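In the structure tokens that follow, the same protein chain appears in two forms, which are kept apart as structure 1 and structure 2.
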Structure 1
């Protein structure tokens, strides 16, 4: 039996009435509408970087070639750079900064890795131990450093470290009052304050290493040090390289440690860093142009480190 739909036409039972789609959206318009929320978030992030990072950076570069006196700004070219390099504190500040960076790589870079290996071996209370290691990171940096300054580095026998040395019948130290101990003491405080984040990153990387590799190494008679050397380090080399680069960039910007622990310059200028020298020129000497020139020099040095890391990473990949 035929079903009549329009005079003169029939259609079979059960066949749906054909529908005709409306006008299709263009490809570009559809993509924009589908990703409108994502573009809105992206624009916000780009504006934040533009206002708070890129504009100050560009403004600092421009200021480094200018001189402002009594409200009048003139273009002086490389004069600010020549004046900054001639500053008697310029080369000692770079030496102190590089010394701190090397000590931080020896102690502050290796310590989190071995703490992560140790924590990874525990079978119980892992969560508690991770919180214990990460706890110093949650403290405000100023509070953590003042804790070291007045409780641990007290030059009298009431200080924690001097009390430990006295109990072990070892000579005590003046710590921040000693030019020789200033940098090691700052590295120790900085390592304790910041290593929690690196430990958690290393732990996540260690837990991704297949257990079969360790089992094969044990069957070959490898001890713990050989397993670390031939299994752990090769399997985590990318994370190790990335955190090494991050640590170099962070430690080269040494500022809050000398400001709080050593009251700025420290004994015999043993704690003066490049970042603290920028602070001195900008806020104590009212030399914003010289501070900008010194900041640009630090930017160039750190950009060189970053470029070298990216080049080496590309070759390894």
Structure 2
């Protein structure tokens, strides 16, 4: 299914038939040997996929129907699923994760694109601005989050954000201690620390847009917004689609932000994410099977989501 995830990215190979061995390719022995060579090159990566990706995939599904107690594993049917769904944090976790994903799409996804367009127009200070945007990416993620937790989101008036708000005579906020602000605050921190990578990628793709297209559009009387709409966006559509996909998959796995900013669950479960719940079950509550079941549920949701995405992008083509 995933071959078509990124529509149009696969360049059609020149010829479908194996072309490398060329004209003198004759005889069965040769063919076998060539195939062996091909597989010899493949085997390292294939083994890694096998052990660390394909096998765990199946193992996860199997585990989700088993329970290991005192070193003994038994089949328990849907027990793990009913236990995990009965977990009081189950629905809040999904709600929070989806909310975060949507917020991150609005803020974290659009922001880098427009920042890149802006930076691409500047004839000066370009290198400086580019480095600035990328600086937070270079902090270890835990560090960046502690920076927010200790300084920016301090709920007292000693906190940076509250000090600024107070100086502007605006109401201060409890930040991570307020269930309403928890998610927006996490999206803000997450966008700040991650957007640099996306900006660089967009900048790279903007530089590959042929200038003639803009010229032609301008001659047709298209203003700036029209040019963005009809030239910039279509020309970078592929990258936009790819990064949208990557970002959604990434935000669905929201973990380190609640772990550090909210010490886990936050105020009344307002920060609990699905990934955090997996971690909580697997490594706090000694329930790896329940955690595996939650992982499978996450997979199902994402698969449903990708199917919808594929259908949408197929329609557009």
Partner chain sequence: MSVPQYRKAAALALVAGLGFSLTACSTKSDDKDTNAGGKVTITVDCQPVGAQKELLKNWNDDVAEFQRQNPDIVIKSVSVGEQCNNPPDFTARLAGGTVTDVFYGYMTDLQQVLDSGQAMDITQYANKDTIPTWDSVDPALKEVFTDGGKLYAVPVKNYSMGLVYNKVLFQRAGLDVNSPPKTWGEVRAAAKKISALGNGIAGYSEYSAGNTGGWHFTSLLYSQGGQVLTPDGKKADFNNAMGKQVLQNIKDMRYGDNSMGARQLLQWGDLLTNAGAGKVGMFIGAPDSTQAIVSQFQGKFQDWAMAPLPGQDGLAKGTLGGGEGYFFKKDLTPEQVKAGMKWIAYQKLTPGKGQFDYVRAKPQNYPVGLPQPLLFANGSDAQKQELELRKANANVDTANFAIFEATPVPIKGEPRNAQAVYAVLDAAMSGVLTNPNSNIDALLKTAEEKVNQLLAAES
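From a predicted model like this one, the values you see are computed outputs, not experimental measurements. Positions refer to the first chain, counted from 1. Only the largest set of C-alpha atoms that superpose within 1.5 Å between the two forms is called the rigid core.
- Structure 1, rather than structure 2, originates from the form predicted alone.
- Residue displacement note: residue 267 has its CA displaced by under 2 Å between structure 1 and structure 2 (rigid core superposed).
- Comparing the forms between structure 1 and structure 2 on their rigid core, the Cα displacement of residue 55 reaches 2 Å or more.
- Core-based superposition between structure 1 and structure 2 puts the Cα shift at residue 38 at 8.9 Å.
- When the rigid core is fitted, residue 308 shows a C-alpha shift of 4.2 Å between structure 1 and structure 2.
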